[in-house]
Structures are given as C-alpha cells and as structure tokens.
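The chain below stands alone and is given as structure tokens, in the form predicted alone.
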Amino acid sequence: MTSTELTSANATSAFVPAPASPYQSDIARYWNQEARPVNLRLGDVDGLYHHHYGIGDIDHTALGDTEDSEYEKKLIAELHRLESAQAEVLLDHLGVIGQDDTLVDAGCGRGGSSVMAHQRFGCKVEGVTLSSTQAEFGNRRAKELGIDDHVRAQVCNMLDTPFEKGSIAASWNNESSMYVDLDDLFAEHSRFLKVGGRYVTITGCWNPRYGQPSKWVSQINAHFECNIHSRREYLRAMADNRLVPQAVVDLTPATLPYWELRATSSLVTGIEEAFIESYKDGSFQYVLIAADRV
C-alpha cells in the first residue's frame, strides 16, 4: 500500500488527542494535517516512512544524467537512502540490544526508525507521538510487514508515557526534541530507562558560539512551529537528569549534501535555504548525542 492509500485510509479516523497544553494541541494539529510529498514520496521508495533528514555523500553514479527522464525518480531514491543512513547511524549508537529488550521511539512519526530498529535487533519498539494520523499510519504499516506484535505506535505525550520505571533498554528522539522542554523530556527518559540504558538524540540546535539564534533558525522555528534549543541546553539538561553523554558527534558536514541535493528536487518546501545557509554560517548545527542513564 502506498503512502497516498495509507493517508486516505487514515483520514476519517484522525483526531486531535486531549492535550496537556494548548501548544501540544497545536503540534498535534500540525502533524495530523501534515502530508508533505518530501516525507511521503521518499517513504514510497521502500515502505520506510521517515520524518528526519539525511546524512552522507551523494552517490552521483546512482543519480546519473540530469537530462535522463528517470533522474527525478533516482534523486528521490537517493534522498531516501540518505535519510535511512541517518537512522542507521542513530541505531549504531544504541549499544548492545537483545531480542527481549524494549526500546522507545519518542516522537516516532510514521514509524520508519521503529521498523528499522526491530529489523536490526529483533526487539520490541514502542513509538509515541501526539499525532493520531501518524500513529495509525505507522501501525498499519507494521501490520502490513507482519511485525505489529513487536512494533507499535500510540498517541501519547512523550513527557508523560505509560512505561514503567526502569523498564526500557534504550530510547531516542530523532528530530523531535525541539517540540518540548528539555528538562521535562530528559526527566521522562531517565525515569523509564534502566540504569545503564542508552539514550540517543539526533537534532538541529543553534550554536551558542554564534551568540543567539540566527534569522535562519528563527525561520526554521516558524516553518515547523517548534522551538530549537542550543547545544549547551541539551548537555545541561542531560546532566541534570542522570544522563551522561558518551558521544557528541557533529553531523553538520554530513547533512549538507542532503540539503543541497534536496534543494534541486521537485520536493522543495521553501525551507531549504534556511538550513543550508545556517549550517554554512555556523549558527545552526546538526548533532548526535548518546548518553547513558546512571
């Protein structure tokens, strides 16, 4: 089933969950209504539907000649390869995961990373999202893959989850932490993670060395209705919530090729310039932080 068919099937049952705040109601509305081709058409390539960006060098051999009638199709496939490569890097940092473990994908979107985690580790993955449209889409996709007994998404506030204290082996936020207060977020991850459990985030953050959020960062905030945090805020909030960083990786150079390629595609959304220019002027960074619960 394609993304168009899935979206159509979900449209009648989507609802905005009871929010913990008016802002969360806005975010639920935003993602319930979101159906950008840049998310859906990339997912149609192989059935993994992501809501994050890509990293890695462009495979120009795979793209071929720009005059080729199949070039745009190849470009979309290449963008999708890069976003799946990003998810692989996140999963690389989760550490040793067993088949009996349970992971949490906080802000799971349509579930692409959850599916990849189960396919790699054979474990159970619980996704949470404020968007009922996304949860229904992801659950339908898991059922089609025959893994709905291991991969599940639920409409849930990721600051107040139903998971028992110390029950989760590892968890992550993949480009979703800019929608919440970091102290509240890390307090919740710290609560449900086992001692020694691993937390990973990949996120865009504004660079404190720049001074203040740049005009480009402000444009990104407005576009996605989010509140981008500084790198310093991430590290401080982790320290305050028993999460000790084991790796901090600057992925900014690795993500620029994705954005420069996307800016040449038919899938542009108008925000590409803000990402490219902010990465180049140093006001914005794309980072991975892996931390252990102590």
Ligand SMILES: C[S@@+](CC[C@H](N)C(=O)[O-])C[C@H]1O[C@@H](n2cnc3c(N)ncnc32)[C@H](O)[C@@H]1O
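Residue indices: 1-based, along the sequence shown. Quantities reported herein were computed from a predicted structural model and do not represent experimental measurements.
Not pictured, yet referred to below: the form predicted together with this ligand.
At the 4.5 Å threshold, heavy atoms of Thr201 stay clear of this ligand in the predicted complex, well away from it. Mapping the unseen interface onto this chain, Tyr179 counts among the residues with a heavy atom inside 4.5 Å of this ligand in the predicted complex. Using a 4.5 Å cutoff between non-hydrogen atoms, Met238 does not count as a contact of this ligand in the predicted complex. Although the partner is absent here, Ile27 lies within 4.5 Å of this ligand in the predicted complex, judged by heavy atoms.
Screening Glu126, Glu78, Glu175, Glu136 for any heavy atom within 4.5 Å of this ligand in the predicted complex leaves a single hit, Glu175. Only one listed stretch (69 to 77, 190 to 198, 167 to 175, 139 to 147) carries heavy atoms within 4.5 Å of this ligand in the predicted complex, and that stretch is 167 to 175. Taking this ligand as positioned in the predicted complex, the residues of 97 to 136 that bring a heavy atom within 4.5 Å of it are, in sequence order, Asp105, Gly107, Cys108, Gly109, Ser113, Val128, Thr129, Leu130, Ser131, Gln134.
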